[in-house]
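Listed next as structure tokens is one chain, alone, in the form predicted alone.
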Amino acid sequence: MSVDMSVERPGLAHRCCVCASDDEYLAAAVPFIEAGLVRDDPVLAAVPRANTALLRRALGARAGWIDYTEPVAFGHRPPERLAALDRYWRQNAPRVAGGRLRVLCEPVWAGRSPREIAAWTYLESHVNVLFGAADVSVLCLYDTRVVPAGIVAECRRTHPELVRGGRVRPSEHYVHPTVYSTGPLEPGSAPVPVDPMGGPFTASDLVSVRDEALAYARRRGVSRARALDLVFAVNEATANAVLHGSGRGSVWFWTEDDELICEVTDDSGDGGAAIGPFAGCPPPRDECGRGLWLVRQLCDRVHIGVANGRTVVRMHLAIH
């Protein structure tokens, strides 16, 4: 069963369109935009420059009624994309007055490593929870001419609805984020090696943990500025384990390909009840979660999960 794209229900509408030509691209994008323009809803197109030109030609005089940005400017990393979406929502929500915000976007997949692709795929899934109560419509475009088949297949699992032309139908392959995020590590991640640096910590060890983080990063060739980012991130993750967990944990450092990895675990063994995979994002509205949001901003990638009954915060930092 399919419905017209202009029909919206309260809350988030997170949809994807798989297209293989400019005509198919426009057949989904233009009705999505027009549905917003009819209601005077704020509309943002975060698409590559070539497709901005394509949209402008198709929309004609109406092209100036929407906002445009490059996908990279709308977030080069998943946390930046969350912050940008949250910021656009906050800035425009007052003028909506019962309407919706609409965002047309194309995730940047070219040149991504397998780990980066996994992180962006997780973001697509997480959006369904993080913005679930917001009156926002997001249409993600997957162009098979430039997006690999494996990524296209995954989009059907991370988006509740699919769009073809101006029609919407449920995705029969959709997986709820709480299920999609199940497991200690993101796809493609390796377990902790047998000989990492680090060890157990308590509140009295936090200063030495920060010193060890800085020294390890510098030995591995990380610039001082980025090494200090790691220090701040490690401090927030370990302090979180001390203040909100069992008061004790373990911290491990190792390198993998071109990344420095730090894993902080809360050794309470409570099955991760105190923290979930969506903790710290999007930017929290109150003090709770601000530390983990800082961690997500400072690192290139962060994954939160549960392993052997312990909460795991794994942070990745590019060495060069």
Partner chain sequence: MNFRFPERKGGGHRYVGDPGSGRPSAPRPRPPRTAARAPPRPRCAPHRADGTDERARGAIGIAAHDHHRFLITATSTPRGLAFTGDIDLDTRSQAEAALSAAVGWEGDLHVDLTRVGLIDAGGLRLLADTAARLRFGRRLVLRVPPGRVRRLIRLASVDVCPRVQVDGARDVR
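If you superpose the two forms and keep the largest set of C-alpha atoms that fall within 1.5 Å, you have the rigid core. Residue numbers count along the first chain shown, from 1. Everything quoted here is computed from the prediction, not taken from an experiment.
One more form of this protein, predicted together with its partner chain, exists but is not displayed; see below.
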{"query": "Triple contact flag Y25, A35 and W65 to its partner chain in the predicted complex, non-hydrogen atom at 4.5 angstroms", "finding": "no"}
{"query": "F201: touches its partner chain in the predicted complex, heavy atom cutoff 4.5 angstroms", "finding": "yes"}
{"query": "Partner contact for D266 in the predicted complex: its partner chain, 4.5 angstroms, heavy atom", "finding": "no"}
{"query": "Proximity of I117 to its partner chain in the predicted complex, heavy atoms at 4.5 Å", "finding": "no"}
{"query": "Non-hydrogen atom contact C19 with its partner chain in the predicted complex at 4.5 angstroms", "finding": "no"}
{"query": "Interface stretch in the predicted complex with its partner chain - options 158-166, 211-219, 127-135, 144-152, non-hydrogen atom within 4.5 Å", "finding": "211-219"}
{"query": "Sole residue of L260, A29, A45, V251 within 4.5 Å of its partner chain in the predicted complex, by heavy atom", "finding": "V251"}
{"query": "Answer option from V175, V242, C140, L123, heavy atom within 4.5 Å of its partner chain in the predicted complex", "finding": "V242"}
{"query": "Members of 291-305 lying within 4.5 angstroms of its partner chain, judged by heavy atom, in the predicted complex", "finding": "G291, W293, L294, Q297, L298"}
{"query": "Large Cα move at N51 between this form and the one not shown, threshold 2 Å, rigid core", "finding": "no"}
{"query": "Core fit, then W109 C-alpha moves 2 Å or more between this form and the one not shown", "finding": "no"}
{"query": "Threshold 2 Å Cα movement between this form and the one not shown at R87, rigid core reference", "finding": "no"}
